[in-house]
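In C-alpha cells, the next block holds one chain alone, the form predicted on its own.
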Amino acid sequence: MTATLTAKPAPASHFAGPSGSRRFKNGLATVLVTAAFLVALIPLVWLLWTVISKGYHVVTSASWWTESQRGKTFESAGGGAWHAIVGTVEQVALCSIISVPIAILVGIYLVEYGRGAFAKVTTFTVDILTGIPSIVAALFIYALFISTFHGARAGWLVSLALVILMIPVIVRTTEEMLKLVPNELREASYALGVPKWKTIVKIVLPTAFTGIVTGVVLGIARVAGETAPLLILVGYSSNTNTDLFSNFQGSLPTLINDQFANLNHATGGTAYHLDANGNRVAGAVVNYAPDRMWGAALTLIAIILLLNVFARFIARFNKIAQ
C-alpha cells in the first residue's frame, strides 16, 4: 500500500503583491528621492539661467570669437574672448598630451599586471592625487620650477599642474573599463597562444576603447575650468599669445577674474569715467566688464557642456555595454 502525498497549495497571499506597508515605504522613498532631485536641480537651473540670460548677447556677437581684449578698458565697447579661448585650448591640449598616455598605461598596469607592493603603492598614490586641491598642485609646480629652478611664469607650467589633476581621473576610468572586459575574452586569446601584451592591445583595449575615450573627455572637462593654477603660474594677458613657453597668456577663467576686478571703479566712493585726456571725472560710467565676465563664463560652460555631451555620445557605442 502506497501513500500519496499531496502538497498543499500555497495561500493566495503568498503570491500577492507587496503589502500595504511595503507599498507605502516604496512610495515614500520615491517621493523623497524625487524631492531631493528637484531640490538639487534648483541651483543648477538658476545658475544656468543667470549665466545664459546675462551672457548670451555677448557670445552671439561675431567679434567675441574673433577678437581679443587688447587695448580694451572697462569703458571700451567691443573686444572678444579669442585670446582666452586660444590660451585655454593650448594649455588643456598640452596637459592632455602628457596625461592621457601616462594615465592609460598606469590603468593597464594596475588591472593587467598589478601585483604585489608596487601595485598597492601605485593605487594608494592615485587615491591621494584624486583628492588633491588644484591650488596644492599649482603651488607644487611653482615651488619646483619657479622657486627652485628660477623659471618664469608661463602657460606650460599651468599644463603641468593640470596633469596632476587629470591623471587620477583617467586612471580610475581606465581601470573600471578594463575590469568590465570579460575574462573569457582574455582566456580565449591565451588558449590560442597569443602573448599577453598582444591580447591587451588587440582584444582588451579595443573592447574598452569607447569607455576609455569617455573617461579622457571627462578628464579634459574636469581641468578645463580650473582657476588656481592659472592665477599662480601664469599672468593674465589681454593679447593673443600662442606661445605656451614665454610671457603671460590669457584664458577663460582668468578673463572672468580680470573682468570681475573691473566691476566697480570708484574714487572716494564716487563712480568715475575717463575724459578725452585720460583724467578721472566723477559721474556715471558705462562699464562693459559685467557683460564680458558673463560672456566668458557662458563660453566656458558651453565648452565643458559640449565635452560632456561628446563623452555621452561616445559612451553609447561602448562595446562592453552592448
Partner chain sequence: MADGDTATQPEGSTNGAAPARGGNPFVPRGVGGDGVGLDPTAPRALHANPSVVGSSQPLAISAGTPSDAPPVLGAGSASVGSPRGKVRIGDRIFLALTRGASGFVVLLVSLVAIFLVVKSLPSILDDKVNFFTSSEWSTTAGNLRFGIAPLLYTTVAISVLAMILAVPTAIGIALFITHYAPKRVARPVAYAIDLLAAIPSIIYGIWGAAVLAPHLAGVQRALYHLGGFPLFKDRNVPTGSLFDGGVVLAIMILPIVTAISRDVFERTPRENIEAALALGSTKWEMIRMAVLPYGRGGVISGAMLGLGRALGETIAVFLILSKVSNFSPSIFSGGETFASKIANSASEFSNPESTGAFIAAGLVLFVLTFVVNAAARMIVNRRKDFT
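The term rigid core refers to the maximal set of C-alpha atoms that superpose within 1.5 Å between the two forms. Residue numbers count along the first chain shown, from 1. Here the structure is a predicted model, which is why all the values come from computation and not from measurement.
This next part talks about the form predicted together with the partner chain, which is not shown.
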Contact test, all of 89, 93 and 177, partner the partner chain in the predicted complex, heavy atom 4.5 Å: no
In the predicted complex, residue 36 touching the partner chain (heavy atom, 4.5 Å): yes
Interface membership of residue 257, the partner chain in the predicted complex, 4.5 Å heavy atom rule: yes
Heavy atom of residue 52 within 4.5 Å of the partner chain in the predicted complex: no
4.5 Å heavy atom contact, residue 300 and the partner chain in the predicted complex: yes
Contacting member of 97, 129, 185, 152, with respect to the partner chain in the predicted complex [4.5 Å, heavy atom]: 129
In the predicted complex, segment of 78 to 86, 236 to 244, 118 to 126, 207 to 215 with a heavy atom within 4.5 Å of the partner chain: 118 to 126
Members of 92 to 121 lying within 4.5 angstroms of the partner chain, judged by heavy atom, in the predicted complex: 102, 105, 106, 108, 109, 112, 113, 115, 118, 121
Rigid core superposed: residue 53 CA moves 2 Å or more between the shown form and the other one: no
Core superposition between the shown form and the other one, C-alpha change of residue 34 at least 2 Å: yes
